[in-house]
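In the form predicted on its own, a lone chain appears below as structure tokens.
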Amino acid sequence: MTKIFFTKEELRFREEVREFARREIAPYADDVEKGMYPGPLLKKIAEAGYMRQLHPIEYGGTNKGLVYEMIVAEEIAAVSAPTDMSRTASSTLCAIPISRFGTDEQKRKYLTPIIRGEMIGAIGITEPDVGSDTAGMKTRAIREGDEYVINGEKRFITNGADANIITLFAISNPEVPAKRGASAFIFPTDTEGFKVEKVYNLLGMHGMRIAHLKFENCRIPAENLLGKEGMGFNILMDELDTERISIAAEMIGIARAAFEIAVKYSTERVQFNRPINWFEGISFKIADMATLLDAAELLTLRAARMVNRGESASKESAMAKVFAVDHAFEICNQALQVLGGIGYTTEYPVERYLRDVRIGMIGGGTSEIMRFLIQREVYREFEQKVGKEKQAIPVEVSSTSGRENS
């Protein structure tokens, strides 16, 4: 781990979270893998104070910021990735829009209970026909008097079947482009007309209940609007950088766990009368894995510190996510290769890590979308630089200028 880039306080916090995760979460990792929803574990995490990093002190948070959230995500994901994804869906994805755009009353009613683990949250963005193209959203929230009437569907919603509230994005004004017509709402799931249509079986991340939801003439109070009408797209974009950094940290945690198993196994497994780490075919894999882990963590830390300083980090959070996700998959794959045949069995959790990490290439924006965002920002910065250079070049005045027709 790249300790030099973390403060002493951050390193102490990491050790605290790591010990908590090993003591309180790891013993239940197999149960979660077998399909147990980690609700009781989320309560434990909240009671230990690990839902609080991103939120104001007056509502129960610590306001420590995204580096501390990154540490929590990495350490809990290293022992049970589905548990941490369920945690972040509640305390980050659902709660960040409320924390940043909610009224005082909304924060006290919804944010504080999430931080305490008394409520579980989810975020409602993806739809059956809408994935990366969020501007194509079809769910409608039409105002009628003091209420909004919501109709539509959301799909692949983490915690969707178990959440008490959903930070829901819907079109409130279909007469204008979606970027100006979308709004965000706090949606209580005990609202009449709300239905969990389906809970998906997943390749990995077992225990993380991802659901298909339906909203049929669901009426919620107008006071559940987050921010103002038409702010939905801005609220969504504000949340995404934080989400992507959290996902990157989770992927690093999974990959680190696989890497540590591979290192230990390579010193114990004997072939041709010597441990297999004596062979470059194995030791070079370990070298590459170690390098990629450090690079992923540094990219993620840079993005987290930028967000903490209030800087725009769209490019940097996309870089962190795509690098961490793609290389976490490679690290898990190589760890399995180091273990050989036993790695393909369930005797070791490496095969689980390989399955779990694959979701990172899709959730929170696909790897393809991340690359699109990165190149867009690179070319935008290039155009700005060229524009400034042109403005800085003095205009040469011809010797005949202004006199030719005099």
Ligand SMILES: Cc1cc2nc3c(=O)[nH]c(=O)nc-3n(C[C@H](O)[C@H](O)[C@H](O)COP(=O)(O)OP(=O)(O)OC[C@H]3O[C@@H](n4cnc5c(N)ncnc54)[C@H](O)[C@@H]3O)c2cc1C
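Values in this document were obtained by computation on a predicted structure and should not be read as measured data. A residue's number is simply how far along the shown sequence it sits, counting from 1.
Omitted here: the form predicted in complex with the named molecule. The next part is about that form.
Among the candidates 338, 46, 359, 29, the residue which, in the predicted bound form, approaches the named molecule to within 4.5 Å (heavy atoms): Looking at 338, 46, 359, 29 one by one, just 359 meets the 4.5 Å heavy-atom criterion.
Single option in 304, 114, 168, 157 placed near the named molecule in the predicted bound form, where near means a heavy atom within 4.5 Å: Looking at 304, 114, 168, 157 one by one, just 157 meets the 4.5 Å heavy-atom criterion.
Contact segment among 338 to 346, 377 to 385, 363 to 371, 59 to 67, judged by heavy atoms lying within 4.5 Å of the named molecule in the predicted bound form: Among the candidates, contact is made by 363 to 371.
Any non-hydrogen atom of residue 210 within 4.5 angstroms of the named molecule in the predicted bound form: Result yes; residue 210 sits at the interface with the named molecule in the predicted bound form.
Contact test in the predicted bound form: residue 182 vs the named molecule, heavy atoms, 4.5 Å: Heavy-atom contact with the named molecule at 4.5 Å: absent for residue 182.
Proximity of residue 123 to the named molecule in the predicted bound form, heavy atoms at 4.5 Å: Although the named molecule is absent here, residue 123 would touch it in the predicted bound form, with heavy atoms inside 4.5 Å.
Exercise: residue 131 in contact with the named molecule in the predicted bound form, heavy atom 4.5 Å: Because a heavy atom of residue 131 falls inside 4.5 Å of the named molecule in the predicted bound form, the answer is yes.
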